[in-house]
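Quick heads-up: the structure tokens below are two forms of one chain, split into structure 1 and structure 2.
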Structure 1
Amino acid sequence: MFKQKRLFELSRTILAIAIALLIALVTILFVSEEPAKALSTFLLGPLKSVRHFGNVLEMMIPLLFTGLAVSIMFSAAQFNLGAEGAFFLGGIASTYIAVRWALPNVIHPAFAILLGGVVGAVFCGIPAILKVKWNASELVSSLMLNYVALFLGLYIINYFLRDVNAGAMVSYKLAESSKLIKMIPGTRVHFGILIAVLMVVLVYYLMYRTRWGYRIRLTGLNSSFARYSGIKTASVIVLAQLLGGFIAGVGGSIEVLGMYRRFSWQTLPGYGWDGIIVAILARNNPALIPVGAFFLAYLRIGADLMSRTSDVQSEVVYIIQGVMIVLIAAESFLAHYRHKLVFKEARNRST
């Protein structure tokens, strides 16, 4: 039965993706002068060169981190959308260390990343505390705090780290010792991808093989039951959000140290929102986060290539994302078939 259910969930996901892609394709046909070219670039472009495939992997790295972060918070049934702000502030914190501190090679990025994680944890912990203590909606407070994070971060860059000779509002150059080494020649894929993979494994183990992960999942699925079983649900809720914030913060640090020469974000980079999409695609299962992240990154890079080589803009992927989320999250989407499946199973069992 559980195998059948997984099969059902998988086919449902695939169908949702197919419908979303179809809508995108129709849109492309509708707006493009050269739809064939646009389509083939969109769907196959990322596979056509090492560099482009490298782009997919590069884009995957931040998505892995925010996807994991969101999946942990959602597993505890907490709609904390602060991964966005935590990611941004993580980047700011590590920029500070990378610019202002002089440390030996490996230790420099390690310390910067760790600090980024701590800053992210503190940031996502705020809505958690507000919720547990005063029952303030973590959803609204985290949304607002994202903007606070943005302006706080820009302030730090502008007043403490800004390179006035650089023209635009960017930080000083990051120290060479702080940067993450490149992994694949011909691409910008950096050491962060290994950390990300490690993180996936760690979070998987955390969620499914430790008591803390068990508590988080149990609290998210049925908090009354968790309480009855002797679990202190309030601390579990806070823990989940601290962890989520930490991972998002680490992700932001790694993105900055791996991909940039200077800190140059002027707005929130949006990876926190992307993390929600990845988490939904992966059904909050850490083991599936890489699949979701790869898929989304592939779409993004494909769309990007398409917009560069044809007359269709990359933003078409937002439509795909939206449709996918809604359909995958829709309980009633194909519920009819699922019901049949359950019914059939029940009948098989009874005979």
Structure 2
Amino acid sequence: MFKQKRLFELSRTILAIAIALLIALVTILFVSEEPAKALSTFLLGPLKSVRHFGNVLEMMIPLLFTGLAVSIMFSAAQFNLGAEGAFFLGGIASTYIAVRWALPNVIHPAFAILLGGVVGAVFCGIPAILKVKWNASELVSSLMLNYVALFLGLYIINYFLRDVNAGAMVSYKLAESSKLIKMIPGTRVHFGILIAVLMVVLVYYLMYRTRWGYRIRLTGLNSSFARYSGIKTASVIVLAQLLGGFIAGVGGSIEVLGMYRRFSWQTLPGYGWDGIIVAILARNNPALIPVGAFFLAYLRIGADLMSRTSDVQSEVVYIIQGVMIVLIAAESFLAHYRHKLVFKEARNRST
């Protein structure tokens, strides 16, 4: 029964994606004077050169981290939206180490990434503590704290790390010893992609092969049952959000050290919100996070290429995202077929 339910959920997700793509393609047909060219660029553009496909992988890396971070917290039914702030502060922390500290080549980025993860964990741990101690909504508190992260980070950059000779509000140049090495010639794909893959494996093992992962998932499914079973749900709630914040912070650190020469963000980069989309597409399953991240990155790069070579704007990708989220999140979408599946299974067992 469990396998059939998982198969049904996967089928529902695929159908939602197909419907969203169909709506987007019909929209392009109506608004474009050259729909064939626009559609070709949108669907096949990222595959036409190594550089364009590299752009997909580059965008996929931060989405992997934030998608994993959100999936852990959502698995525990903790709707902490702090992955965005944790990602931003992780980048700030790694920038500080990259600018102010002098360390050997391998140790320098490793320490910067680790510190970024710790800062992200502390940030996402605040809503967790507020939830456990005073039953404060982690959704509201994390959403508000994202703005605290933004302005705190900008204060640190602009008053402690800013290069006044750069002509913009950016940090000093990152030390060469702190940067992640590039892996694919002709692209900016860096060593962080291997760290991201390793993180996917570790999170999957944690969630499905350890007692702590079982406790997180059980607490998310039914916190009352988990508590009556002897699980300390308060500790599980805090742990899930600390882990999510750590992964998001690591992602922010890797993005800065792998893609930039200076810290230049003056607003929240948005990868935390994108991580929510990835987690929804993957149904909080760490094994499917790479698929969701690649799909979203591919859509965005394809839409960007289309907007630069045709008369269709890149915002068409937001139509796809919106329709997908609505259909996947809607419990009544294809609910009739799920009920038939449950009834059929129950009848087979009775006979």
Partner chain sequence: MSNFFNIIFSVDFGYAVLRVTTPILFAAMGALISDKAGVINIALEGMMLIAALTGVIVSALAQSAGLGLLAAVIMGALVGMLLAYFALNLKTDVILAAIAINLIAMGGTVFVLFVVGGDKGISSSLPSLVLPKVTIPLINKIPVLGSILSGHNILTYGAFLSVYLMYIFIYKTPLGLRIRAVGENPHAADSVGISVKKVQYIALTLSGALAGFGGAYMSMGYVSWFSKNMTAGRGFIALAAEAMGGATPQGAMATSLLFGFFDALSNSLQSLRIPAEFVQMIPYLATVIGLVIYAASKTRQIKRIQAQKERDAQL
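Take the two forms, find the largest set of C-alpha atoms that superpose within 1.5 Å, and that set is the rigid core. Residue 1 is the first residue of structure 1, and the numbers go on in sequence order from there. This is a predicted model, so every value here is computed, not measured.
> Looking at both, which one would you say is the form predicted in complex with the partner chain?
Pick structure 1 here.
> Do you see a C-alpha shift of 2 Å or more at P290 between structures 1 and 2, with the core held fixed?
Comparing forms between structures 1 and 2, the P290 CA shifts below 2 Å.
> Does superposing the core leave V26 with a CA shift of 2 Å or more between structures 1 and 2?
V26 C-alpha, core-superposed: shift of 2 Å or more.
> Given a core-based superposition, decide whether the C-alpha of A36 shifts by 2 Å or more between structures 1 and 2.
Shift of 2 Å or more: yes.
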